[in-house]
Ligand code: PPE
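Shown below, as structure tokens, is a lone chain in the form predicted on its own; questions about how it binds or moves come after it.
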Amino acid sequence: MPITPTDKIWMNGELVDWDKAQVHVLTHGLHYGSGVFEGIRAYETADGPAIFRLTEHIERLFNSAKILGMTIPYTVQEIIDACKETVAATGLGSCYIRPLAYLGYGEMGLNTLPCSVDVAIACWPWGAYLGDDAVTKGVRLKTSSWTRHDHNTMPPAAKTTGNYVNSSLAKVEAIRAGYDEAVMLAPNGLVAECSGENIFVARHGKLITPPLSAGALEGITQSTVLTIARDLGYEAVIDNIARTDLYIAEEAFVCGTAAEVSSVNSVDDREIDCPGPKTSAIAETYHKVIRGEVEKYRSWCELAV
């Protein structure tokens, strides 16, 4: 999906013009994938633009950096405030937000200890990642030939820039084969996640989503959905899912900041009822929650101004 430029990008403590937000070609992160990032959304609410679960996203950014051995030269609160400042500078009611911390220019080689850490935050308008009709029409999934990272190869718990080469290979493979998204399996063959989303299936009336041990990222939207589902009265658990569980699921959906809640209509050409009743109810509630329309979840919406 093309990026629509906005006026400013936050870089190392100041707002700079979009076209001047540049890095040197020898920036370490460009060569070695040594960076961490988040994907966050701001939504228009009755009180103005609000960023959904901003604090949790920035805390995860810092956790990813810690796993990578990277020290971000700002506090969590300073990056939270910078995100709000950047959103406000765009003048947009709704937007996608990309904070990025990466090893910068000045050192080259695999020893990252001498490298500086730079931080940037960009915002731009972005629609539904898997399509505007992904809730009702559903998306087609393909099990990828690419295996999700093992915990002792590239830590899947960290939202690391280099990790996403793995996801990109799976995504492109699925699209070229005529599908919308890829399902990635762990080295032991269990379902981990999709290339950019967590996955839920309904089996025997229960909603199941894979654990971190299977290679799934600890999703903030995943956590949101688990809370909403349980509050709606559904049994929702974190547990292992086999590939065949996808084929015989009563219903299935994927979720993430970019994809929001998107139903699944098939996996490897095995059709799934779509959209299922649980998926529809969760998606409907989710779209109200992110816009600050449900009082019990209002604390998840942090005003940008």
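Numbering starts at 1 and runs along the sequence shown. None of these values were measured; they are calculated from a predicted model.
As for the form predicted in complex with this ligand, it is not shown, yet the points below apply to it.
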Listed residue (198, 160, 144, 90) with a non-hydrogen atom within 4.5 angstroms of this ligand in the predicted complex: 198
Among the candidates 27, 257, 34, 64, the residue which, in the predicted complex, approaches this ligand to within 4.5 Å (heavy atoms): 257
Option from 110-118, 73-81, 94-102, 131-139 whose residues, in the predicted complex, bring a heavy atom within 4.5 Å of this ligand: 94-102
Residue contact check: residue 226 to this ligand in the predicted complex, 4.5 Å heavy atom: no
4.5 Å heavy atom contact, residue 219 and this ligand in the predicted complex: yes
Distance check, residue 234 to this ligand in the predicted complex, heavy atom within 4.5 Å: no
Contact test in the predicted complex: residue 278 vs this ligand, heavy atoms, 4.5 Å: no
Stretch 122-157: residues contacting this ligand in the predicted complex, 4.5 Å heavy atom cut-off: 126, 129, 148
